[in-house]
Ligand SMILES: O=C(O)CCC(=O)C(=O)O
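The form predicted on its own is given below as one chain in structure tokens.
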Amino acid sequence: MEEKPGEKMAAEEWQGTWRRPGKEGDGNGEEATRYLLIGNVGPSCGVSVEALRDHLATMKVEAVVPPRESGKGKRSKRSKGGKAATYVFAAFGSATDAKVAKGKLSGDGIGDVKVMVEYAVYCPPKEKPKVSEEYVRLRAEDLGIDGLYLLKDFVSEEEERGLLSGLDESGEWKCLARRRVKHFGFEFDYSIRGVHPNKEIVAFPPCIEPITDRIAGVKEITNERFDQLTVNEYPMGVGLSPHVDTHSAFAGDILSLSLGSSAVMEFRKGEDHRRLFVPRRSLLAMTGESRLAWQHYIPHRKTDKVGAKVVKRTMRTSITFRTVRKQGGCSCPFPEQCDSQGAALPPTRMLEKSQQQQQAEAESMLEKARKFPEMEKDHVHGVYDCIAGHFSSTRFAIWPEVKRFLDGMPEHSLVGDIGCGNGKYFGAAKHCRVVGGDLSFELVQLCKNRGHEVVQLDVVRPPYRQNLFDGVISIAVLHHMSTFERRLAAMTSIVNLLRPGGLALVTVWAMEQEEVKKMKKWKKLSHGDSREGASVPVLGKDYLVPWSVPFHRPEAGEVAKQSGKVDEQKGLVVFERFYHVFERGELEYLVNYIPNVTVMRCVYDRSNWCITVRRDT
């Protein structure tokens, strides 16, 4: 019910909630509303609610509403402490009427009784989602959702007992807010709504093998192999928040085997909600449209009404079978739910809590990131100043992914190239204005000599004001940051340079290198984030990667020979550059620490991970 100004309702019709202003950012209590909280009212105060109604009758009052009993639909005559409530709420025709009444009550009181009067806020009750089906369906085909299958009695009672026992003995339970969970094959990371494909964990337990063999014989299921298993244990009354399993993380069908209890599952697509009774020991197969375009949801309650019956829930164990997407994104025909195609999926409560914790951690990390580690001084800054000319002579090709990004920028956009190197992208977008900078003094001088608008900058603290650019590119820069804190600080700075709605493209070297032979020359380092006292995730790998300058190049002079390693036999001066190579999902993990950012695209291209993000506010 939406309450409108001037619309009269009886006291029993005010089914929303009342409170003082200020808690939800709706004023400080001094701004007039058309609602009042009137205290020192009630039998123990000498003024009955009926007497107050009579007193307010001449002040254009519409309703006098006692406080609501917590969690119930009835009005309460008692406060939380068990004593009679000593306040009421009153609704008037307008804020002006309420202001007049507040003045009279504050000055005159009611008879000999002084009352306390404050402005109040009324929040109408939220409308419940419209459910298009009047009753719960018993067969998946009756829902009319393409690709949804329900296979009843998929396991016997004996198999159910064996599965519950075998799963309990295998792996390790992790306690979440209201349930326990364990993972097999790959661990599901709730902070990125997916998995790290390069981090396999404990294999499927033996008790699952007969089930996967049986699943392989179901013609409706298209996956050749399931490699990720999540086991959730839901106590009675605990359900499942509405969601679509992340498109970019998982390929093909999603299966759910219910053990121990039945439940009603609701499928949602916009305002269209359809309900299905999922019995105990049944296998639910979400394929095609049902998996990609419909959210699935189990309400948090202890019973389900199925026809005329009320079915009581008990402890329910759900086994979810998924297949991890190893490379590429999703190009399904349902972009509104597809994160690979830019859809912003609504966050779960767990994700929101994780993001809040991560944002607090991020603020602390940013402070640590201000100082340059010795690794970067010796193997990034110093090296690029030595090899600038030779490096520039090898950097002229325009990457297709960068060209795609720049071509997509609106005409007259202002684009920042953060870590511009030799400035090869300054002229790659004739319809935009591109400015930027680099930490290497020699590369900056080279760019200036070519007539580019460039400054020397530190990507962690660029000299530009925030909210400046329509677009930002940072190509092959973040992988030179030697700690998680430094990489996070750099990514945060890049996002902060964007105007709301602006886009940034960031590329980094990937662990999945196409030319594996080259990696044999790399020197593997102890991971910079595995140091003692570090409380950050250990993702990716750290290397020193050689850069060889021939003796005949001017960059191989005496100063360079003192900085690099001289190979007299090959006639080379060899420099070692620091690289942190990123694993799949690591860029998204990094972005997740930054508030108000949406990942628009993340692709693998020529041994690099390329992520495009949008600043939302």
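Small disclaimer: the values here were computed from a predicted structure and weren't measured. Position 1 is the first residue in the sequence shown; the rest follow in order.
Absent from the display: the form predicted together with the named molecule. The rest refers to it.
- Site annotation in the predicted complex: the residue of 320, 340, 86, 170 reaching within 4.5 Å of the named molecule with a heavy atom is 320.
- Residue in contact with the named molecule in the predicted complex (any heavy atom within 4.5 Å), chosen from 484, 234, 469, 294: 234.
- Shown here without its partner, the chain carries 245, 265 and 316, all of which come within 4.5 Å of the named molecule in the predicted complex through at least one heavy atom.
- Stretch-level contact check against the named molecule in the predicted complex with heavy atoms at 4.5 Å: of 490 to 498, 140 to 148, 296 to 304, 431 to 439, the positive one is 296 to 304.
- Although the partner is absent here, residue 256 is a contact residue: one of its heavy atoms lies within 4.5 angstroms of the named molecule in the predicted complex.
- Residue contact with the named molecule in the predicted complex: residue 510 places no heavy atom within 4.5 Å of it.
- Using a 4.5 Å cutoff between non-hydrogen atoms, residue 446 does not count as a contact of the named molecule in the predicted complex.
- Contact between residue 240 and the named molecule in the predicted complex is found at the 4.5 Å heavy atom cutoff.
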